[in-house]
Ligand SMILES: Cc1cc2nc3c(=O)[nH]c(=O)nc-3n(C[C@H](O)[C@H](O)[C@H](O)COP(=O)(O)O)c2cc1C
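Quick heads-up: it's one chain on its own, the form predicted on its own, in structure tokens.
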């Protein structure tokens, strides 16, 4: 059951190579306005986006986000932020005091922001633009906050490069749907078979370039490096351990 919208979604790929052609400001505004049509908890709209087009600031963002060259190359960088500052000011304007110190408040704002940015992605790609999410915006969150002048109760959830693709980018295979779709109850029957199938698919794409890894529990045996090994290695290491400290400094106390 494929229609034009679903077909566009299937063609999504992260773009890390851009032309130098600028994006008209009105096109960026159209994308953000389309994103605003997304669902939002209680219509609170707990998000903001900071758009950066200046070359010097994009160069600095590239450094802070892990020296990712496409951040400086893309004509537009978008910082998608969870934002409870606006509601703080609105509450004060109406003679109330916002309760913002609980985990739920941050989750609501973060979820709202993620939904917003994914809708923006669909809008941008429908216009022929390419994009790439930048989780590296959380590598040095305090520096990002300072650079973008983010106030109390505003936190950068993810970045996004936006521009005209310099070359075609192929969609990356995903897990078989049966590996994430459960009916009625969380039933993991057949998961390992689906993982092995996906490992084979990813190895065949050449994404891991023929790397070898030891077979767990079988000394001396080697196998192709696949998605399960790649993912297990990644989640076994801590990442961005300062986030809670910076969140609390921004006013998200996470009680």
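Residue numbers count along the first chain shown, from 1. The model shown is predicted, which means the values in this text are computed figures rather than measured ones.
There is another form of the same protein, the form predicted together with this ligand; it is not shown, and what comes next is about it.
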Which one, 154, 162, 120, 134, lies within 4.5 Å of this ligand in the predicted bound form by heavy atoms? 134
Only one of these stretches, 171 to 179, 145 to 153, 83 to 91, 102 to 110, has heavy atoms within 4.5 Å of this ligand in the predicted bound form; which one is it? 171 to 179
So in the predicted bound form, does any heavy atom of residue 242 sit within 4.5 Å of this ligand? no
Partner contact for residue 70 in the predicted bound form: this ligand, 4.5 angstroms, heavy atom: yes
Using a 4.5 Å heavy atom cut-off, state whether residue 232 contacts this ligand in the predicted bound form. no
Should residue 14 be counted as a contact of this ligand in the predicted bound form, where contact means heavy atoms within 4.5 Å? yes
